[in-house]
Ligand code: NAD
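Consider the single chain below, provided in structure tokens and representing the form predicted alone.
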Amino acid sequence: MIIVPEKEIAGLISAEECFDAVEAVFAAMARGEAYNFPVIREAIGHADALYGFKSGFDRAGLVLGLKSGGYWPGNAAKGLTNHQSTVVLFDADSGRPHALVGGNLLTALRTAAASAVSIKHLARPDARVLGMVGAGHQSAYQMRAAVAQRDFDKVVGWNFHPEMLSRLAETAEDLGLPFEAVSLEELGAQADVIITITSSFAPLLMDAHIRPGTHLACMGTDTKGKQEVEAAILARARVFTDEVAQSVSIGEAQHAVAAGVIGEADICQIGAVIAGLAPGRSSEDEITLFDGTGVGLQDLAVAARAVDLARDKGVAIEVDL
């Protein structure tokens, strides 16, 4: 069995390699070559933690496994990351354990890669202003991945706690882009692409904020009850997602479907666009929205790539099990 410790991940896999892995597995899902198993996510009644499993099988790549982990809100006080994840891969031919991979950084990279894939395939080619709603740990990864997909001239941002906007400002500066802190109304008025990455349980962006032609990547809603944007936005938009079943149950679309403003049949897998099985953006004025719920196959794809790189670079730890 191969072990790839968390401390090795940053030196092994790049954002570009994660992008390629996520884009490929989304296409495999749409072709019916890869599928996710039902998600388990529970409050454990200790340390206010949420814990769960995401798993799946990519028949094309013979990648089988699961990601185990969750959210421990008290970890920051201990000097630890609140989100904790580990990926376990199994040999698809025998079922034997194949690899144990640190999943914290991989989760951040694969989440950012998913929104970047949506920007590549759905945002207007002439998008110039990137809007960021949320300034938590994940926001820097999101911004870095997004700017690789379009020639943005500027970043505008909003956060519930304005003192945290320094993370967005510093990341934009590193990328050579000016940054402006704005209201949500102004963010919608300026931004051609908007990434939402919050833990909100009430809509932040409203329908009136969104201009024609905007692309939204809603990346924070991954649990029943969470919500970042008003359901009416989904009624105006063409809606895409990583997996439809998760979108309507734990994703941003859960609220629009419950309100009856869209149906499950109105939501398209982004993998179908990648694979050429469905059209993407149809006009400059069309609003497109990607509901990024986060699927286990994303984790397995980037973890399998990390294992290959660890072997190539001689940092994989091999043990008998």
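Quick caveat, the model's predicted, so the values are computed rather than measured. All residue numbers refer to positions in the sequence shown, first residue = 1.
Another form exists, predicted together with this ligand; not displayed. Remarks below refer to it.
**Q** Go through Leu184, Met164, Ala92, Ala232 and name the one with a heavy atom inside 4.5 Å of this ligand in the predicted bound form.
**A** Only one option qualifies, and that one is Met164.
**Q** Heavy atom within 4.5 Å of this ligand in the predicted bound form: which of Ala145, Leu106, Met219, Val239?
**A** Looking at Ala145, Leu106, Met219, Val239 one by one, just Met219 meets the 4.5 Å heavy-atom criterion.
**Q** So, Ser68, Pro97 and Gly296: all three within 4.5 Å of this ligand in the predicted bound form by heavy atoms, or not?
**A** Per the other structure, none of Ser68, Pro97 and Gly296 touch this ligand.
**Q** Counting only non-hydrogen atoms, choose the one of 209-217, 117-125, 136-144, 72-80 that falls within 4.5 Å of this ligand in the predicted bound form.
**A** Looking at the partner contacts, the answer comes out as 136-144.
**Q** Please check if Ile197 has a heavy atom lying within 4.5 Å of any heavy atom of this ligand in the predicted bound form.
**A** Ile197: contacts this ligand in the predicted bound form.
**Q** Closest heavy atom of Arg150 to this ligand in the predicted bound form, within 4.5 Å or not?
**A** Outside the cut-off, so no.
**Q** Although the partner isn't part of this model, could you tell me whether Thr171 comes within 4.5 Å of this ligand in the predicted bound form, counting any heavy atom of the residue?
**A** Answer no; every heavy atom of Thr171 is more than 4.5 Å from this ligand in the predicted bound form.
**Q** At 4.5 Å between heavy atoms, is Thr111 in contact with this ligand in the predicted bound form?
**A** Yes, Thr111 is a contact residue.
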